[in-house]
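One chain follows as structure tokens, the form predicted alone.
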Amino acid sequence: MNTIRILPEKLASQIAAGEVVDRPASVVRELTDNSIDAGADRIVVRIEGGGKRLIKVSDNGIGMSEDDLLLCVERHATSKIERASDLLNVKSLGFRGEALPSMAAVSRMQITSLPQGRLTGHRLKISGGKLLAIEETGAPAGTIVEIKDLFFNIPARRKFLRAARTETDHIVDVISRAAMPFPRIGFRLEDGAKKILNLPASGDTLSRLSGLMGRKVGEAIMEGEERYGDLSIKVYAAPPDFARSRGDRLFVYVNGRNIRDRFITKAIMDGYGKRLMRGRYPQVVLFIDIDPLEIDVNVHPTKQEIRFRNARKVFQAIVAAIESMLARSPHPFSGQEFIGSESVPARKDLLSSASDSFISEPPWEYSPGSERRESLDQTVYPSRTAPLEQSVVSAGARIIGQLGNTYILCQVEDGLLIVDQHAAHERIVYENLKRSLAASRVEVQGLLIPHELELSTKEKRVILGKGDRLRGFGIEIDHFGGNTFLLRAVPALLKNVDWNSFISEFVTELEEGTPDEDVLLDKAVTLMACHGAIRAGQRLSHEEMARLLSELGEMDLPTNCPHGRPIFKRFTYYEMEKMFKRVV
């Protein structure tokens, strides 16, 4: 008796459906892709019960004839490709011909469509993969697909669906990702009678981006574009201050197709580099335009995975594009002369005549009965989105003093600058150490009296096995016997360091045994910079503060410490005026 058998067509369709449709959001993604491919400029999605009871997607695309309606629910029936060679040049979002038959196999489906220019349309009804009816009907131009009772015939799959709220959140994310690269298409999402998302058509990518990521992010967004032959990289990125604890605001598109790829995520993170703290993710929209022959989109039924023929080239291009864009962001330390309090001009001298008016308080706000001579919208305020070079770097900066022996306060042309002294000095020590190590010229300071270290047995084994690597960083340690070691020399840049704590942390990095020498070097230099920098709570003179900020201006990345923490924060006069209700 044979043990291998051919499965019934109905069962095979249900199994295949599991690869394409795993939750309501998958249905929405596939249907919106079809609507975009159909040339629609208006797409409306309506759901009930998180999409478990109903998903209805309406568009005004080219529509389908009666014959096309019957064919579209057959497996591997598609209008996007005709022959195997077409897979090498796919430009549409859909092409596999699996989505609609997969949905039909696990739901009660109804498709109503009217081709453009026709008078009457047709409605097709199918349940659990079985055709029930096809009939002539009146309909608006375009296509309406209704999916009811998803997984009604596969209870095992249905019970794994999450609560309606969770499934709705996934659908919102899918619509957001679908809408980002197509600002000329209007999208609307409704949950029953409640409108969740409304994105009107616009010719401006930034308007669409602001609608999806928020007005504040939209105002702060930076743009960058790079070309490398047939590869084009377009980046819209928020400053590091807008970083989040999750990577849910990383939108990546290849030829308009939204993809999720760890390889590209890593390229984005490498582009931001030390500007981000560990565990933080930037808000970025990345558009990659590339010759379709250079990619393979036929990797997975969901079409959200992709392979690049020259992955290294794409990786380096993304990193370079983001680094170049972030490097163009000016900082308030370059070219500055930091002035002490004894020779500081009056505030009026620090401000341009054009900005004198924006700190005056409107008398009608405080004096009842006084005439309102000018409306608020006529008062000139500095733009909240003006580039830093226009608002900070143009005039000398006055060091006001120290706050809590931790923060350096500076008056600049457009407001107040607060600098974290530890983070600033940490950046200086880090870059100086790295330059010295790269040139193999680390200045070593021998200790007149060696520092005695008492290590654990585990730390002792690491030092004896890998201690020779410490010499490359300017650290000389000799074994004195037992668990005792003598620290004889250290890098000259490091001062006032708790050597017991420092060596203990350094040994931990060596213990991890990372095979990448560059990674170990960076971790070691970051650790030395952290321990060697001036501390919070340390009192500084005006001369020391001025020297610190001047040195910071010479650094390659003066905006963030090696751990990614921001070094400074700026408050404009406009923000302070709003804070004190001088303006509304």
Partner chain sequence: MEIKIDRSELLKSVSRVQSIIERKSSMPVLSTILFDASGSDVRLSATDLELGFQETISANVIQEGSITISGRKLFEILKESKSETFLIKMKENNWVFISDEVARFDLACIAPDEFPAFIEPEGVAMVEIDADTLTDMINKTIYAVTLEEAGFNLSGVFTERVSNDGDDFLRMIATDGHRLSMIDKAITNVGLLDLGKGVMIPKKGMSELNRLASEGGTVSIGFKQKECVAKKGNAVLVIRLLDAKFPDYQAVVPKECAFPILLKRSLLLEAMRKMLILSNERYRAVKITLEKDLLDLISTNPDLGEGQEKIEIKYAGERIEAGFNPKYFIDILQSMESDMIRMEFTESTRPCVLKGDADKGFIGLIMPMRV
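Positions refer to the first chain, counted from 1. It should be emphasised that the depicted structure is a prediction, and the values quoted were computed from it without experimental measurement.
Same protein, other form: the form predicted in complex with its partner chain, not shown, and the subject of what follows.
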Ok, 311, 447, 403, 77: which has a heavy atom sitting within 4.5 Å of its partner chain in the model of the complex? 447
Of the options 219, 443, 241, 296, which one has a non-hydrogen atom that comes within 4.5 Å of its partner chain in the model of the complex? 443
Counting only non-hydrogen atoms, which stretch in 435 to 443, 106 to 114, 458 to 466, 220 to 228 is within 4.5 Å of its partner chain in the model of the complex? 435 to 443
Taking its partner chain in the model of the complex, would 10, 15 and 70 all count as contacting it (heavy atom within 4.5 Å)? no
Looking at the partner-bound form in the model of the complex, is residue 496 within 4.5 Å of its partner chain by any heavy atom? yes
May I ask you to state whether residue 53 is within 4.5 Å of its partner chain in the model of the complex, using heavy atom distances? no
Contact of residue 451 with its partner chain in the model of the complex (heavy atom, 4.5 Å): yes
Is the gap between residue 476 and its partner chain in the model of the complex 4.5 Å or less for some heavy atom pair? yes
Can you tell me which residues in 463 to 490 come within 4.5 angstroms of its partner chain in the model of the complex, by heavy atoms? 476, 488, 489
